[in-house]
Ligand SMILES: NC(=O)c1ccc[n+]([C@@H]2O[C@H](COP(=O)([O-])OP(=O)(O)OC[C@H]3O[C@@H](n4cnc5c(N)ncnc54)[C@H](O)[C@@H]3O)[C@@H](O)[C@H]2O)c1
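In structure tokens, the next block holds one chain alone, the form predicted alone.
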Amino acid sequence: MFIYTSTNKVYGDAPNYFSYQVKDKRYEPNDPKLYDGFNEGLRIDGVLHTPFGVSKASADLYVQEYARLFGLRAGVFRMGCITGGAAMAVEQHNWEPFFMKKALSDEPLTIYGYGGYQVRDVIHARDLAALFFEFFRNPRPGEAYNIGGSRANSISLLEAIDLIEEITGRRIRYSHGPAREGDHIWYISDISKAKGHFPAWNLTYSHS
């Protein structure tokens, strides 16, 4: 049994080729078909990946090929933002606890690009582990799944700041910096394939 923890960065900046508009404090897609997020059909070719995305995409494809060609009981999970009690509050990897750390320490925060309206979906590590267990119980070799918090647990950076300020009673001092190369304007994971293949699994944690 082999579970590969891939990433939505295998799609590079393909999500940025769609059009969005600001609604309240977040971007939303102009195409209603994207309401529930991106499914596994999103293209990976002809887009900007960054070296990190390329490294993940190459291993992602290797796992799929080995599963199909050699019968390896392996699956690919293209994950978005993951959080939980053990998440490290560091800027490059765990923005949710990092924002909380900035609020509690009264240190200034930099938001990179898009005015803070960019949207992510957040999944708790326990829900992710529960899905891995369902795959372990009933493997679907060679399948790839987009997995995140879905529309129900999507949040913009500005909305996250409001939520953290409400929880802590503290203000977050922030400024704006340039967008990071290849960063997504809007990304929500369409998790319908995973839920269809593993009906015993569902999200149990909410970001609020």
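Because the structure is a prediction, the values reported are computed rather than measured. In case it trips you up, residue 1 is the first one in the sequence shown, and so on.
One more form of this protein should be noted, the form predicted together with the named molecule, which is absent from this view; the next part is about it.
With the partner left out here, the named molecule still marks one of 150-158, 34-42, 52-60, 163-171 in the model of the complex; by a 4.5 Å heavy atom cut-off that stretch is 52-60. The contact with the named molecule in the model of the complex, taken as any heavy atom within 4.5 Å, belongs to Cys81 out of Cys81, Val119, Leu131, Val76. Taking non-hydrogen atoms only, His93 approaches the named molecule to within 4.5 angstroms in the model of the complex. Within 4.5 Å of some heavy atom of the named molecule in the model of the complex lies at least one heavy atom of Met88. Scanning 1-33 for heavy atoms within 4.5 Å of the named molecule in the model of the complex gives Thr5, Ser6, Thr7 in sequence order.
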